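Given next, in structure tokens, is a single chain: the form predicted alone.
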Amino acid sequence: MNQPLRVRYAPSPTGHLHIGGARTALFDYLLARRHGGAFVVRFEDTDQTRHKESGIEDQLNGLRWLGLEWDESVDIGGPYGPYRQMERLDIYQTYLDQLLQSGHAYHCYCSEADLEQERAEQEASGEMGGYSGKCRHLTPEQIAAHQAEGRKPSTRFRVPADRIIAIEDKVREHVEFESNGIGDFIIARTDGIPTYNFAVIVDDHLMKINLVIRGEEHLSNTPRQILMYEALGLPVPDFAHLALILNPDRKKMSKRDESIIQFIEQYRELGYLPEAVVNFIALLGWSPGGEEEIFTKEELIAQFDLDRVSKSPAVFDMDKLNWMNNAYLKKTPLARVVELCKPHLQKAGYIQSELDEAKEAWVTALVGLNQDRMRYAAEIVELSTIFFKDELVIDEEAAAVLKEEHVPVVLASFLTQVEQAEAFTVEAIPALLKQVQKDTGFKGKQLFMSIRSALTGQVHGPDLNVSLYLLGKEKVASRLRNLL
């Protein structure tokens, strides 16, 4: 490519950043950074019926959280703005006029009722659907009559007959479409606002976008856009259409599908690490050369290329994402994990928003105890319930252990040690357990499993010393008394 690479992520501002959009933006970003190009974020907001005023900031916040810095957009500007379509209407009009004057476009006076009737007639007669082109050759008198009725025209592109439109796609390779199956399509509505297919080619041309990466659902739009590029005498950019992301059942994702988490904002709220989410999304359709699956952003930039992007759909695997996020959490400094967990503990009513030094140390120990087990930060609530609930739930295995003959002896001895202890810290507790072993003669599983079962209701769990410290001297003593 002779020109510097310029790619764009161009969502409609209709809500939060979806996983499919995030993948497109990520692939754009990785390629731009690898090749020293520009990553542009612009907004296609001409569909005012779906537009949300907060949609732009929601999208940008999602990209910010993922760490995908852009070079041009609505917030920082750039040499080819404005970066939202509703601020570019005058620009589109210039190109619309050019198509009308050259005969590549024409005004269509068909009302929605007319078009509905035409569709019904086609269906009744078994004809292939699509606009018939009835306004293609209106006489000046017919146009004047429509105008006298007060009809406002839309603008349609005049699709040439008997053309094969070939696309050399960077992912899907050679793809062909027949122009006869397209039909004259609307490029500007009756209010003059351009449709997606038209506005997007003007924006991509003026913003010097030379590689368009998008989902395969846009593949059928590409021949329409190529025809308009040609009609305007503009260079056609390269295209790369990414295969679908399927749900775990290998079906097309629906926004109502609850088997997976679909919006980036939800991952942030649940306490996933953005670097883990980026790593996971990068592997949705792209495969690196070897077996390694954990990559830093810098490593992704160094390796990413479209050559290894698959034509086959990617399957979204929540278990793999949770495994990956857990792998990242294990390596993350404890202080950062604590800050991720605090909002969830606060929301559950387990801790206050303001913590004194002792409580801060307690929360740090709590998170540290569970850091290697957490798949995401919100799980701290479920994993730490035993430290906040007064009632103890004993599972079947623990109940079986507590029926063994030696248990009362061990628990009574430990209760004595707890009641007499001056300090009940992580550092002090091993000495108390050692004294129980000395006094009772029980050790190993007979000692530790008995105490764990009695105080946590479970046979297995994380570090016992930290668990006892987190329960606290009063709760430990109370639970021992109740069982004895």
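Since the structure is predicted, the reported quantities are computational estimates derived from the model, not experimental observations. Counting begins at 1, following the sequence as shown.
Not pictured, yet referred to below: the form predicted together with ligand GLU.
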>> I need to confirm a contact call. Of Arg214, Arg88, His146, Arg156, which residue comes within 4.5 Å of ligand GLU in the predicted bound form, counting heavy atoms only?
In response: Arg214
>> So ligand GLU isn't shown here. In the predicted bound form, which residue out of His218, Lys208, Arg373, Arg119 has a non-hydrogen atom within 4.5 Å of it?
In response: His218
>> Using a 4.5 Å heavy atom cut-off, which of 193 to 201, 379 to 387, 265 to 273, 327 to 335 contacts ligand GLU in the predicted bound form?
In response: 193 to 201
> Leu468: heavy atom within 4.5 Å of ligand GLU in the predicted bound form?
Replying inline: no
>> Contact with ligand GLU in the predicted bound form for Gly20, defined as at least one heavy atom pair within 4.5 Å: yes or no?
In response: no
> Is Val476 close to ligand GLU in the predicted bound form, meaning a heavy atom pair under 4.5 Å apart or at it?
Replying inline: no
> Are any of the heavy atoms in Glu44 no more than 4.5 Å from a heavy atom of ligand GLU in the predicted bound form?
Replying inline: yes
> Of 11 to 35, which residues get within 4.5 Å of ligand GLU in the predicted bound form if you count heavy atoms?
Replying inline: Pro11, Ser12
